[in-house]
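Listed next as structure tokens is one chain, alone, in the form predicted on its own.
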């Protein structure tokens, strides 16, 4: 429709331009071109490109189809609820696979016979020395405990009060002084500095 109107207007303007007119009649008194009905300015008529875009058609929504989609979503949600939540693995308790490779086994060095015999004799001698040291320590402790028991018995025969005083623990035997942190209320708007770090924490999604 817009194309036909534009063509008709072009034909009318071409016919008006073909009609002979007197230039003096078109000129006004002051020499300017008079704006008459047969001499239209270029700015009075504007045509634009025809728009042939078709408006979007509204899709007809089927209520049954919507109901089926909702039911499918409900079934999917029920299936997700049945699946137990996946626990986040603790990487500190998991040994990396590269450390579980059994092919990488470091073999023991082959010692000569003289060196192996020397080490075996040294180990036996060290075992005998530690056994003798242990027996001496146990004998010294036993003698000290026996002497303490006899001394307490003799002290009890002399004075019961001194005997009870001897059984009390001596707080000055191992002097120890400790002063803990003083109790102060925390600052309300204090934000502890975190410092610079690279966050490599993995994010797990269900």
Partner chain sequence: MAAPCSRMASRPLWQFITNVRRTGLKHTGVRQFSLSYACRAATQTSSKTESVASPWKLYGAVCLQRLPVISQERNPIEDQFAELMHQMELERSLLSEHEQRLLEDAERMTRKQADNYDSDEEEADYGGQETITAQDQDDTWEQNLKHFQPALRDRDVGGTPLGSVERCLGDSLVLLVQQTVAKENIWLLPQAPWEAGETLRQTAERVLSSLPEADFKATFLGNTPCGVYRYKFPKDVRTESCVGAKVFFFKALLSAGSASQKEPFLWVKKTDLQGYLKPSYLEKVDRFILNL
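Owing to the predicted nature of the structure, the values given are computational and were not obtained by experimental measurement. Positions refer to the first chain, counted from 1.
Absent from the display: the form predicted in complex with its partner chain. The rest refers to it.
Contact annotation for residue 113: none of its heavy atoms lies within 4.5 Å of its partner chain in the predicted bound form. In the predicted bound form, at least one heavy atom of residue 99 sits within 4.5 Å of its partner chain. Contact check for residue 152: a heavy atom falls within 4.5 Å of its partner chain in the predicted bound form. The closest heavy atom approach of residue 109 to its partner chain in the predicted bound form falls within 4.5 Å. A heavy atom within 4.5 Å of its partner chain in the predicted bound form is found for exactly one of 77, 83, 88, 122: 122. Along 151-170, residues 151, 152, 153, 154, 155, 157, 158, 162, 165, 166, 168, 169, 170 each place a heavy atom within 4.5 Å of its partner chain in the predicted bound form.
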